[in-house]
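For reference, the chain that follows is the form predicted alone, supplied as structure tokens.
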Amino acid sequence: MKTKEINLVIIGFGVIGKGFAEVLADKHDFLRANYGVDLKVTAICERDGSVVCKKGIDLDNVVELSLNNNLKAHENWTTLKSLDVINKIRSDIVLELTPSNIETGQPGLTHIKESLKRGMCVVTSNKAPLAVEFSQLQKLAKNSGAELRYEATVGGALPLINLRKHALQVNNINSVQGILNGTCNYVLTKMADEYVSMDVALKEAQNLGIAEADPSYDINGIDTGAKVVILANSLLGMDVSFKDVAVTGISDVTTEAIELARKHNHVIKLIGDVERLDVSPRLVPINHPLNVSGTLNAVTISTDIARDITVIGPGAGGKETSSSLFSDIIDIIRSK
């Protein structure tokens, strides 16, 4: 099989960026043998500079340096910022993996726009830009002839957007709802299983690295709301942004409420209802498919032909999310 070289730029080298790099290092030969592509990372961008090597970066080495917070020690470290790399270094695909502000979509929104304007395809795990300017980004991608793929923005490893694209083409999707935040699900599960307060459950989640030091985006339902926007636009054909979603988090859920739900054979889960553009704690029957534990995500897609399909799996994690990133990358390569 003839091998085609594909150059990648990674913007944001946090948990997801490192996870992707580790998987690419492991799967490089597999991708060459099965898809005829040589995926080469030519730049990795962080806030204060970038590693740039047009011949391809040694991924094992750069991951090790990053884990030791010593990326600047790399022999190819430069002071080039993300936008400098986008404008000066031509790549086939830009991976936008930064954390961004839900109100502005920045800095990821600018990264995505500039990459598309230059005709470079974008694969992203970044929810905020799509939650703020979904339709505008789609138009920009169409006008530029570049692809914009975002499976990794919702549900980590769960194949939701590509499931619609590749397996449910003839179905009308009537509704989509589910658990879209692993931190909230872990906290609610802990409270239910061990009858502890939210503060105790959240503290354990932080100690385990499941929750951020500032967990407000998760606990207040903001993260789930952003994902609802993306699913509403991509699966239900809506044209909405984050401001259109009614969001209520789990901060007011008490152990007493959880115990009362249990007595009536229910659990309390934070549910993102895509059709209704709503995020709120809801009662879920104990034997319902959406009653999943720990950090798992679960989404039910209701259709006219396939009926109800529930997808369950890891909603976060670097390596797990890389599964969705690779799905989009391979899709782009096939389409080209």
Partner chain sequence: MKVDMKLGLKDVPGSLLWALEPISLHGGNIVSVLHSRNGKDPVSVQIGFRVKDQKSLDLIKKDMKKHTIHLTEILVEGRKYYSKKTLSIIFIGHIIDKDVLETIDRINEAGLVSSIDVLMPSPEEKSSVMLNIDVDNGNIKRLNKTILGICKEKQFLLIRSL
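Numbering follows the first chain given and starts at 1. Everything numeric here is computed off the predicted structure, so don't read it as measured data.
Beyond the structure shown, there is the form predicted in complex with the partner chain, which is absent from this document and is the topic of what follows.
Only one of 166, 263, 243, 88 comes within 4.5 Å of the partner chain in the model of the complex through a heavy atom, and that residue is 263.
For the options 257, 200, 236, 83, the residue carrying a heavy atom within 4.5 angstroms of the partner chain in the model of the complex is 257. Contact with the partner chain in the model of the complex, defined as any heavy atom within 4.5 Å, is confined among 66-74, 22-30, 306-314, 287-295 to 287-295.
In the model of the complex, the partner chain stays beyond 4.5 Å of every heavy atom belonging to residue 189. Shown alone here, residue 46 lies farther than 4.5 Å from the partner chain in the model of the complex, counting heavy atoms only.
In the model of the complex, the partner chain lies within 4.5 Å of some heavy atom of residue 177. Under a 4.5 angstroms non-hydrogen atom cutoff, the partner chain in the model of the complex lacks residue 61 among its neighbouring residues.
Heavy atoms of every residue among 253, 278 and 282 are located within 4.5 Å of the partner chain in the model of the complex.
Contacts between stretch 219-248 and the partner chain, counted in the model of the complex as any heavy atom lying within 4.5 Å, involve 248 alone.
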